[in-house]
Ligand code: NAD
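Next up is one chain by itself, shown in structure tokens, the form predicted alone.
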Amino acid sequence: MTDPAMQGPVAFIGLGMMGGPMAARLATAGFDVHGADPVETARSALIAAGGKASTSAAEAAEGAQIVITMLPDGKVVRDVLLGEGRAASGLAAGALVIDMSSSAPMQTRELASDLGERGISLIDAPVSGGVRRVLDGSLTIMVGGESRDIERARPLLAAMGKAIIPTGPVGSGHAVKALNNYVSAAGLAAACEAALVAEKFGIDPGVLVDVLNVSTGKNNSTEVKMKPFILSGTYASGFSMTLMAKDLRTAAELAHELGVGEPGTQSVADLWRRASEQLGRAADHTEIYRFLATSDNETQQEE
């Protein structure tokens, strides 16, 4: 791995549930990390891991060679870099932005073009795996952009993830992330519906899950979500309903923008949107089971 000191200062903007531990892993690996977040506890956690932190994205990015963003969506990323935040104003030509947020692919292409006019490169590198895999450094990272920029970023990505997969041109990482979450959400909803039908018939849902996991119905949700988070009633996977609904909307919008028939993406996006609206922003995405089990949802589906 490249000596972290050779990378120069690395700004990490967005120290939330995922971004905080990701930035901490970089600091622990020896990178000179300057974080930015409005939440004091998030800043303190990075400082404790050996990094620096401030409330200002522009301050954190001043003089940085590489800027990593882990923010709610692409609109926030653009605003931080080129809008009010103006973090890009402190970057010299030749700097690299790594957007690890779950952004809309078409917006990512536009942002890359606008940054390119300033001599700043951008790659998109969203992640999959959740908080547990952040902590042990085993995230899957999907990376879109020029090969030379991906190789430049690889030492940092390797400190946060185990599987680093180039996906194609800029924006493709965000596209793959949204499509991955569509497949994941569709599989989870199907598993939840099957468990509810089984229980209604008098079958122990846990037994159904055991059968699925040694049969063709096995998927990530049946293996790692159904028993630990859903049938247990804990609903504590660490990934919110709101974020899943956002990613599914991104997948459906991408299909529509490309003129691809999208009955599946649209119907799954609509299901999770309704669930998010009913259960609220604090709901874990595994609470789709509770939503599917409610009489209110059954009424909505009949309508």
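All residue numbers are counted from 1 along the displayed sequence. If you're wondering where the values come from, they're calculated on a predicted model, not measured in any experiment.
Missing here is the form predicted together with this ligand; even so, the following discussion is about that form.
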Is there a heavy atom of Leu254 no more than 4.5 Å from a heavy atom of this ligand in the predicted complex? no
Since only the chain is shown here, I'm wondering whether Leu231 would be in contact with this ligand in the predicted complex (any heavy atom pair within 4.5 Å). no
Should Gly217 be classed as touching this ligand in the predicted complex when contacts are defined as heavy atoms within 4.5 Å? no
Although the partner isn't part of this model, could you tell me whether Phe31 comes within 4.5 Å of this ligand in the predicted complex, counting any heavy atom of the residue? no
Quick one: in the predicted complex, does every one of Gln107, Val176 and Leu248 get a heavy atom within 4.5 Å of this ligand? no
Report the stretch among 88-96, 204-212, 189-197, 74-82 that approaches this ligand in the predicted complex to within 4.5 Å, counting heavy atoms only. 74-82
Heavy atom within 4.5 Å of this ligand in the predicted complex: which of Leu243, Leu271, Ala45, Ile66? Leu243
Note: exactly one of Met18, Ile288, Ala24, Val10 sits with a heavy atom within 4.5 Å of this ligand in the predicted complex, namely Met18
Considering only 124-143, what residues come within 4.5 Å of this ligand in the predicted complex, judged by heavy atoms? Val127, Gly130, Val131
